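Shown next as structure tokens: one chain only, the form predicted on its own.
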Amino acid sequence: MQTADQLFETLSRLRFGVDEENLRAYVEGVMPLVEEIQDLKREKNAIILAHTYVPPIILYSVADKVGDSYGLSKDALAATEDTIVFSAVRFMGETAKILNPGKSVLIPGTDAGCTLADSITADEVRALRRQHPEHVFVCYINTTAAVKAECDVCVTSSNVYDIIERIESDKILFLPDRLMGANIIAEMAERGVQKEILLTDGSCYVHEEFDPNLIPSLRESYPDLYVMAHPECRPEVVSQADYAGSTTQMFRAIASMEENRNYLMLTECGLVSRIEAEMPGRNFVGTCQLCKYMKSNSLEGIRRVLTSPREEDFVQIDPSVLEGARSCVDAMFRYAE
């Protein structure tokens, strides 16, 4: 746990921070809540997993593990605590429950949806199965447990290309992200891998917003610009990027790159905040996008689910769904490792 001075120093590096006096007052005001949550974790034998996109105050004050979907799935699988508080969105909490059916999994976000996860249902997957019985169904991790239960293999943005290539079948139906799907098709062509890949029509509202016309104009203004993009972005964006990868892959990649260089990060703003906090010296130009679902997480929400959880705060998965979903996620680990 960081002290008030350490927390102030970390948060003061963020470009979207407030002035020093107000930030100092905020940190001092929030420390009693941070200490209460730390005590509650010990009392409840709980671990807090937090996605990079949630508010930085959570990452640097109470989170035990921070990462992206794939990394946090592995952290959930390794958790020994009785209770998992998953500060992210609901489908991630469902993945933790799939991997830990005997543990309590709590979601502190007040609006923990996801436009990708909400874009397809299990009934729709079953209908697609009837239409395409010869295809291997590959689902992005941004799906509900019920959808995962109807699919063969789960993937994340960090392993999707390699898993698609390794799947023995040359007939793939990828769901639900049509933009990531288009990037998969382009990447397979680049690798010389011939597969028929069918797509459905979901998208991430955050990553869909990035305008491909932004990149050439910024390169003109900043000749040293290095562009990094998430695979959920439009293909017209990803094709212009110097580097495309998952949240964690981008975070690790930039650690080895130059300080005092201009970077454009085409993903949710939480990644920029983490880099500013942990790797100061990089200069970010252009804009990032906020995810309202991730940002609905708060320290107050974490305290609430640890003290007085409501029924809807618990992740509950029907046993008949759990078995199929676990098989889908286990297949991801087999292909990825």
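The shown structure was predicted, so the numbers you read here are calculated from the model rather than taken from an experiment. Position 1 is the first residue in the sequence shown; the rest follow in order.
Although not depicted, the form predicted together with a small molecule is the subject of the following passage.
J.: Between Ile107, Ala149, Met92, Leu175, only one gets a heavy atom within 4.5 angstroms of the small molecule in the predicted complex; which residue is that?
T.: When the small molecule is considered in the predicted complex, the option within 4.5 Å is Met92.
J.: So in the predicted complex, does Ser69 come within 4.5 Å of the small molecule, heavy atom to heavy atom?
T.: Yes - in the predicted complex, heavy atoms of Ser69 and the small molecule come within 4.5 Å of each other.
J.: Might Lys97 be said to contact the small molecule in the predicted complex, defining contact as any heavy atom within 4.5 Å?
T.: No - in the predicted complex, heavy atoms of Lys97 and the small molecule never come within 4.5 Å of each other.
J.: Taking heavy atoms and a 4.5 Å cut-off, does Tyr263 contact the small molecule in the predicted complex?
T.: Answer no; every heavy atom of Tyr263 is more than 4.5 Å from the small molecule in the predicted complex.
J.: Can you work out whether Tyr140 and the small molecule are in contact in the predicted complex, taking contact to mean some heavy atom pair no more than 4.5 Å apart?
T.: So Tyr140 counts as contacting the small molecule.
J.: From the candidate stretches 239-247, 163-171, 123-131, 209-217, select the single one in contact with the small molecule in the predicted complex, where contact means a heavy atom within 4.5 Å.
T.: Going through the listed ranges, the match is 239-247.
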